[in-house]
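Consider the single chain below, provided in structure tokens and representing the form predicted alone.
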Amino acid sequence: MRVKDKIVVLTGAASGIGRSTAILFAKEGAIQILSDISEEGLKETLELIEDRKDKTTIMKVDVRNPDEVKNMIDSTIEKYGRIDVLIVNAGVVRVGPIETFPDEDYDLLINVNLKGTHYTCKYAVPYFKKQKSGSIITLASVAAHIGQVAHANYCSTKAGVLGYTRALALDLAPYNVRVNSVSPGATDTPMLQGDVAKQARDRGVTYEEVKKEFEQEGVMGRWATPEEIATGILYLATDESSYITGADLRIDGGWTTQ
């Protein structure tokens, strides 16, 4: 078991990549604190963890709310005395041309993707510095590296996550705390499915047509599974990646190599 008895805090655990990561880390022996804004989704994730339920805590947390995030971190420290791995996974996507992009949608992207990442790290960093060990993993995106049609607002927030991660890695290196990011490409999750469905409606084409376009962006001709992204997150959480910090692991099917 590669993360046996490590204390792992994971946001955005109710579906998609977060859910697959929670399941994988449970199989690898982690003690987990799983959070999400969807309490129902968290309960479904917990049911899939099977024999590690007694080693798993679920918490309804809105990462836009700093008080809720602080409570999640502080309660973890109070119960376990440390955090070994922090996985900052909570995120949302909204797409559309900038001239008609609703301000409330951009506020949501900024508040969840950027400020949510900041709050989650902000309240954990003092504990990481004190314990002088640990790994922080953020979720950037292929959209942090390239432009995508009708994605300017989303791309800007994910590029921000990438920059935030690199700078934080420098801040925490003296404390033996590693900070890295993962940039998934097109991954078969409810979030991407919703993105594709909206684009199909806006363009007056079928879901399958837009899906095929996404599949052809990479060189492997398909979407990733959430499990494939979770394996990369696991690697960055283990001692196998002990000399990696400030890096971004692109799991994008070759999308950004072209």
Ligand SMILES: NC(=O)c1ccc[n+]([C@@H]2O[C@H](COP(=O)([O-])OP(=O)(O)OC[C@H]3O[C@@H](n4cnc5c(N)ncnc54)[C@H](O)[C@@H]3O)[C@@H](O)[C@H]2O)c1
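Residue numbers run from 1 along the displayed sequence. Since we're looking at a predicted model, the values are computed, not measured.
Not on display, but discussed next: the form predicted in complex with the ligand.
- The chain is drawn here without the ligand; in the model of the complex, the stretch among 128-136, 170-178, 73-81, 87-95 whose residues come within 4.5 Å of it by any heavy atom is 87-95.
- Residue contact with the ligand in the model of the complex: I49 places no heavy atom within 4.5 Å of it.
- V61 belongs to the set of residues with a heavy atom inside 4.5 Å of the ligand in the model of the complex.
- Not displayed here, the ligand is kept clear of T165 by more than 4.5 Å at the level of heavy atoms in the model of the complex.
- Though the partner is left out of this view, T57 does not reach within 4.5 Å of the ligand in the model of the complex, counting heavy atoms only.
- Of the residues C155, V112, C121, A150, just one reaches the ligand in the model of the complex with a heavy atom at 4.5 Å or closer; this is V112.
- Taking the ligand as positioned in the model of the complex, the residues of 1-32 that bring a heavy atom within 4.5 Å of it are, in sequence order, G12, A14, S15, G16, I17, G18.
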